[in-house]
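Taking the form predicted on its own, here's one chain by itself in structure tokens.
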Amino acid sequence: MNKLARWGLTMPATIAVVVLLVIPVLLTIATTFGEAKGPFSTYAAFFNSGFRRAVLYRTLKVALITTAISLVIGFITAYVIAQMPGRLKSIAIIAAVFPLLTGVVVRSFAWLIILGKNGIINDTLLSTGLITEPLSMLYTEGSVIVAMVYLFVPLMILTLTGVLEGIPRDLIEASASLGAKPVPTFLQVILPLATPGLIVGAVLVFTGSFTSYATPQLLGGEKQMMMGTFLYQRAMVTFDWVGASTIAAIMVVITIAVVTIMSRIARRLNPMAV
């Protein structure tokens, strides 16, 4: 296929991405530099506010914790699934990704029922006598993190299962035949080869949890406001479009920075990783 034909095939998708994604994002960021007080006045106002810094810090913390927990749970689950025989593996994958067939709002509402004062957990603890009054589990960082992990672990499992299935069994058997124990084999053979999948999964989970709106709104409320809910409030409640654009620009920059850092970590751990 010659160069002109390749350009012809990729041009429609490139134009769609530029028109529907790149240009709107650039226009959104451009509106934040048009204030009369100075080009960076909106960003200075954001970072000079203790409340806004707290929202940003909380969002980063929740997103990073969610990503870390999802990596551990997703990797273990995907590794177990990858070792299963064909038919059982298919059933396990379907079971793992089944929650994706329901909407985010529905799954978040389910956690309201589970974690509420009259929810399943409190009812169970009260009936067994472990507690004497209901626990307040909603509208905390913990409730948001638990729901986020539940939402994004299936994505991590899907990403890692294919990567782990692609690792040749010959390499693992060769490592064992050379005297390597399971832990060194995991650290020196399996983990480096699984690094690209880990990075892709981590990026998907981080970006999804960092920009999430529905779950923090339902399970965190005003007490645990995150950047997604803060952005919605500035745009749709107070109609501060410049402030909302500033929040969006900060989220875009942080997301790009985190993705770049993760990509560099992947290249350090595995030179073949993208």
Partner chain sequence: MPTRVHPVLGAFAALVFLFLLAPLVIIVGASLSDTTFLTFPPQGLTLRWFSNIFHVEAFRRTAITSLQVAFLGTALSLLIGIPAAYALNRYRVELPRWLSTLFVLPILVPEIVFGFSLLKSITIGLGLPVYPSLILGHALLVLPYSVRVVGASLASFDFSVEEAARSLGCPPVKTFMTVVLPNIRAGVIAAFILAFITSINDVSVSVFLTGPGISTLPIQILAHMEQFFDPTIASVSVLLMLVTVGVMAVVEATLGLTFLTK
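Positions refer to the first chain, counted from 1. These numbers come from a predicted model, not from an experiment. For clarity, a rigid core is taken as the largest C-alpha set superposing within 1.5 Å between two forms.
Missing here is the form predicted in complex with its partner chain; even so, the following discussion is about that form.
Engineer: In the model of the complex, does G103 come within 4.5 Å of its partner chain, counting heavy atoms only?
Structural biologist: Judged by the heavy-atom cut-off of 4.5 Å, G103 is in contact with its partner chain in the model of the complex.
Engineer: Using a 4.5 angstroms cut-off on non-hydrogen atoms, would Q83 count as touching its partner chain in the model of the complex?
Structural biologist: Close contact exists here: in the model of the complex, Q83 approaches its partner chain to within 4.5 Å, heavy atoms only.
Engineer: Given that its partner chain is not shown alongside this chain, does T195 nevertheless sit within 4.5 Å of it in the model of the complex, heavy atom to heavy atom?
Structural biologist: So T195 does not count as contacting its partner chain.
Engineer: Do I94 and its partner chain share at least one heavy atom pair within 4.5 Å in the model of the complex?
Structural biologist: I94: yes, in contact with its partner chain in the model of the complex.
Engineer: State the residue from A68, A235, A44, L60 whose non-hydrogen atoms include one within 4.5 Å of its partner chain in the model of the complex.
Structural biologist: By the 4.5 Å heavy-atom cutoff, the listed residue in contact is A235.
Engineer: Would you kindly say which of I131, L191, I120, A174 lies with a heavy atom within 4.5 Å of its partner chain in the model of the complex?
Structural biologist: When its partner chain is considered in the model of the complex, the option within 4.5 Å is I120.
Engineer: In the model of the complex, does every one of A13, F98 and L218 come within 4.5 Å of its partner chain, counting any heavy atom?
Structural biologist: Yes, the whole candidate spot contacts its partner chain.
Engineer: Can you tell me which bits of 206 to 241 touch its partner chain in the model of the complex, meaning any heavy atom within 4.5 Å?
Structural biologist: Heavy-atom contacts within 4.5 Å come from T211, Y213, A214, Q217, L218, G228, L231, Y232, A235, M236, W241.
Engineer: Does P182 shift between this form and the one not shown by 2 angstroms or more at the C-alpha, the core having been superposed?
Structural biologist: It does, since the P182 C-alpha is displaced 2 Å or more between this form and the one not shown after the core fit.
Engineer: So, does I250 move by 2 Å or more at the CA between this form and the one not shown, with the core held fixed?
Structural biologist: No.
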